[in-house]
Every structure is written in structure tokens, then in C-alpha cells.
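Just one chain follows, in the form predicted alone, and it is written as C-alpha cells.
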Amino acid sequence: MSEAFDVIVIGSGPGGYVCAIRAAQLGMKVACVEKRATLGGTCLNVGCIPSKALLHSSENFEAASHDFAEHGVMVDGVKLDLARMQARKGEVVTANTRGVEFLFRKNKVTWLKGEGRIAAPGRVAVDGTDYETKNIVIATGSESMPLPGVAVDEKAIVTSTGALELDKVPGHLVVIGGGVIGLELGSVWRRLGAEVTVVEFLDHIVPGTDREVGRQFERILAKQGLKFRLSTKVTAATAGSDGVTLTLEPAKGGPAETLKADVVLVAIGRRAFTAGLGAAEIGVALDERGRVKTDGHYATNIPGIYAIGDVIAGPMLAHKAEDEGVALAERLAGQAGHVNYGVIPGVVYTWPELATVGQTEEQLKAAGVDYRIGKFPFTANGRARAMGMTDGFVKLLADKKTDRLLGAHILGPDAGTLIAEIALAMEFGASAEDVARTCHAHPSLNEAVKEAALAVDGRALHI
């Protein structure tokens, strides 16, 4: 038996590495198992970080090609250097993954390099070497959900991983799935010159989003050039020398048709990754979707084994995993770690961005909650006008009797940043009046949030 630890975390994604660092800060002897050559998991290596790098680069390309002239900035002969754009993305990824390595060294977290397997309670095997530990944390994340009849080769038919590595702009990209990943990557390649068609089984995009906001979002993306085939399912895909032929059928039945594509992106969601972990073999309970079952404190049914992040129930978001990692580390140290799942924001990093926190109108109606709405468009916001980015609006939902904020939905420029104000307000039980009475800098995009809060009481000032 090799070295013993207080905590061994399996997986170095945002949940795993943050849990390991926080546990080490609290005085525990910690190791983190990672089989990749670099730390950071899916998020830093092939997910959140590289996709945002390409999103930002593609926004710059589109702005130089189409938008700068409106501001009096004349740019002639704009050209795409995709190889340089991809190289920059790689540099961003490397900087982030090396940053985690630095944090491990700083906090004295041991990186156990290799594939980890739970050999028994209190024992983790890593490439043939066993390590003892008082606590095991499963933080193995998730993987792309496969679609029957569509075989991924990461060349012509790709997951998000392959879509980040294309070495040329496809003539026609078909995205299967109208969720966050599909819309973000579809936006990247549309800006760089591809024709993009999004095929979605449901009759709307961004499932789970407030429907009013989602409809406006769809209209804006369609105006930008994305094409949508809603209420449509993909039943087969055949890759050939001339691209991919997809078989489409109406979701509610009807005649099939075919659709040609140069590249197909399968983005129908993600599923918990537990392959090779050994958890089920030692009796760790999994739910019907293959996720690790935990109680309210991230404990599995096996004493000393815990789980966090995408591998357990809840939204598959890096920041949700991070907060769970901190909460669990603090509980293992005898503190009272806690995550408020009612105020976890979600963001779609298209442009404009779509950000949400709390409940939607549909959820409030289903729960029988009386509520009031406050809305304010970015067309009436001075800073948005100055930026030339007036698409979208802010929508706040507040309890009709108490005025307590119940949800916020922002479609507009930098919505992912603006949503933090409402998340903080909701965390402390604030009312719409509290936000409305808070002085906001002028001119700022945040003023749209204040105006929406005023509008809950019917007294918006600038519309």
C-alpha cells in the first residue's frame, strides 16, 4: 500500500480541483486523480474555456467584418486565419490548465497521474498503485450523450470536442440539439462563414428557459442567420466522401426527408461519466440515469464515499460543481458547507447572451404562485445604444404579495455578468424594491436591471 491521504478526489474538473484545493486549505492531506495529461477536466480542456475563446475570437471577426464601419472604423480586406485562431484557443487552454497545476503546488495537493478506480471503501487504485484515504470524492464529470443512429467519428460527425478542433469552416454545419452547447458552437461557425442549421426535437430552443425569453432569443439568432428545424428528430446519419446525409422525421410522426451537411455536431446533452470507476462494483448506488445517488450532503450510500458535480443530479454547470466542491470540503472539515440550488445562474454565451437565475413564468404558474413581472428593453438603455447592442431585454419575476425576487431572465449584451446582481439579491432574499432603490452607475447596462425592478411596481422611468 502506498501513501495515505485524508481525501482523494477522482477527477480534476472544476468541481474536483476546487474541492481538493479547499480541503487542503482546511488542513487536510489531499490528492487528486486525473488521467488526462493536463488538469482541469472537460471544462478547461475541451469545454467551457476553449469554447469561450472561440466565441470571443469569432465575435471579433464578425465585428471587424460587419460592425466596425458603423462606428467609423473602416477595415478593408478582413481575412480569417483559422489556424491562428485555433492556436490562440490552445494557448488560452494551456494557461488555464497550468494555472490549476500552480494552485495544486501552492496548496500542496498531490496530483496522482493516471486512471483512478475505487478498489474498496478507503482505497483508490491509480494505474496499479493503491492509495489509502479516509474520504473518496467522485468528481468524474460527464460526457456527450450519444444519439442512436448517428455514429460519431469526431471528423464529419462530431461532439463538442471535435467541433472545437475543425481545421476549416464547414460549408454547412448541422447542429443536432438546440441547447447551450449547440447554439454556442453553431454561433462560432456561423460567424466564421458556415451555413448553420439547428435541428431540435422540441418545438422550442433552450429547453427549460422562460418561454417568452426563449422565443425572442430564437428570433434574434434567426436574424443573425441560424436556421431552425424545430419539432424534428434525426433518425440516421450516413457519412460519405461528399459529407453527411441525415434522415429527419417530424417529432410527432410523418414522412421522412434527408438533409445534407458537411459536418454534423451532436449536441443533445451530456450524461454522467462513471465508466471504469468501480463505483457500481463496490455497491455505490446509481439512479435511473446513471448518476451517483447522494444525500443532501453529497454522501453516497457507502460511508466515506462522496460525489459532486455533473456525476450527480442537478444542472451540469461548472460553477455548480465548484460550489459543491467547496461545500463538501468544508463539511469534511466539520464546517457547515451549503449550496443554494435556487440561485444557480445559467448562461448561454452567444451574442447577445442569455442568462437566467431562479424560476421561470411557467414554473411559477405550475406551482400556483402569484407573481408580478418587470421588463425593460435594451433599446431604451443609453449604454446599450452607445454600444450599438440593443437586442433583448431584462425580465424580473417577483412574488405578488412580498415583492421577493423569484427569478430573472436577461437577454442582451453581457447578460452573463448582469445576472450576478440578481443572483446576489436572491441569495439574500431581496425584493424588487431593494434592487430598484439601489443606485446604479450611469451610463451602464446594469441600469436596465434597475429599470426592470422599477417596472415590477409599474414605475420604470425610461420607457
Ligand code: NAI
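Position 1 is the first residue in the sequence shown; the rest follow in order. Computed from a predicted structure; not experimentally measured.
Just so you know, the form predicted in complex with the ligand exists too; it's not on screen, but the next bit is about it.
Checking 214, 377, 352, 179 against the ligand in the model of the complex, a heavy atom within 4.5 Å turns up for just one residue: 179. Checking 326, 339, 279, 199 against the ligand in the model of the complex, a heavy atom within 4.5 Å turns up for just one residue: 199. In the model of the complex, none of the heavy atoms of residue 158 sits within 4.5 Å of a heavy atom of the ligand. Residue contact with the ligand in the model of the complex: residue 305 places no heavy atom within 4.5 Å of it.
With a 4.5 Å cutoff on heavy atoms, residue 184 counts as touching the ligand in the model of the complex.
Taking non-hydrogen atoms only, residue 316 approaches the ligand to within 4.5 angstroms in the model of the complex. Annotated contact segment (heavy atom within 4.5 Å of the ligand in the model of the complex): 262 to 270, selected among 262 to 270, 77 to 85, 297 to 305, 355 to 363. Residues 347, 348, 349 are the members of 342 to 365 with a non-hydrogen atom no more than 4.5 angstroms from the ligand in the model of the complex.
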